[in-house]
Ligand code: ADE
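In structure tokens, the next block holds one chain alone, the form predicted alone.
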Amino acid sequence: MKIDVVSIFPEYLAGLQLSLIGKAVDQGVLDLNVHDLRDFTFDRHNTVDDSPYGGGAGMVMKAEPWALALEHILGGGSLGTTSVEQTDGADTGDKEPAAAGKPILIVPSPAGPVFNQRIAEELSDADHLVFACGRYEGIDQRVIDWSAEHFDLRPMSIGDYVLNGGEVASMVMIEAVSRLIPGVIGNPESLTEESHEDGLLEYPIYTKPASWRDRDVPEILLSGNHGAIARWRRDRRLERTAEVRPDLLAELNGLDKHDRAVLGRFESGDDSVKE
């Protein structure tokens, strides 16, 4: 997968060089490029913003630097590397897309749908993702409308709160998507029992020692009975989801008779289900 990120603070994205994503980049599993939007400005101050028409507080990001940066990406150019180096962004306006399919352009925005695991799974099948990290009061709407003609445009929110810019949101989405790509996670089986993977939160986890500060690991996990352990874990996932995120249960399919009984006893306050 190819991932391009455009930001006025490319150093902000340096964290993507670390841990599993950084290793995936080094191994060629991911092609990750970070671009400095200011490379696509031509005045001596590298101006990327201006005051809003109609008045109001704050500044708006100018359309032309964004259009030039996105055209450069469409043309297959590389302004940055995974070490966040920057190169000259001039002479970029007339290139055609390098591939027949449109890259997916993700614009972090409270005006988009809320990013979740289902969307992460969908995006993990894409060939090319582009993240546009807005700042200030946002990006001139005209370049957003223009982008819809050249990209598969996806405004996307990571929650109902306000951030200073799109960098943090982009990093969240890049990590969630990248770890689903084969070769990024060392043990792919670890993905199958994670929170949200099938609509449920993850079960409690423990490691050695079996007893710590007068707190013991549940006996069932020491039994060696893999069927009973699997059932215990499923029950804990149902209980945790019902307690913390009951909204997720409304969309849950495939509950069997035992699942429904667990949820029923949990809702009634019957602690016997946890034995």
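Residues carry their position along the shown sequence, with the first being 1. These numbers were taken from a predicted model, which means no experiment stands behind them.
The form predicted in complex with the named molecule is left out here; the points below concern that form.
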| query | finding |
| --- | --- |
| Stretch in contact in the model of the complex with the named molecule, which is absent here, among 201 to 209, 118 to 126, 164 to 172, 140 to 148 (heavy atoms within 4.5 Å) | 164 to 172 |
| Contacting member of L153, L74, I158, I181, with respect to the named molecule in the model of the complex [4.5 Å, heavy atom] | I158 |
| Contacts with the named molecule in the model of the complex - residues in 102 to 141 whose heavy atoms fall within 4.5 Å | P108, S109, P110 |
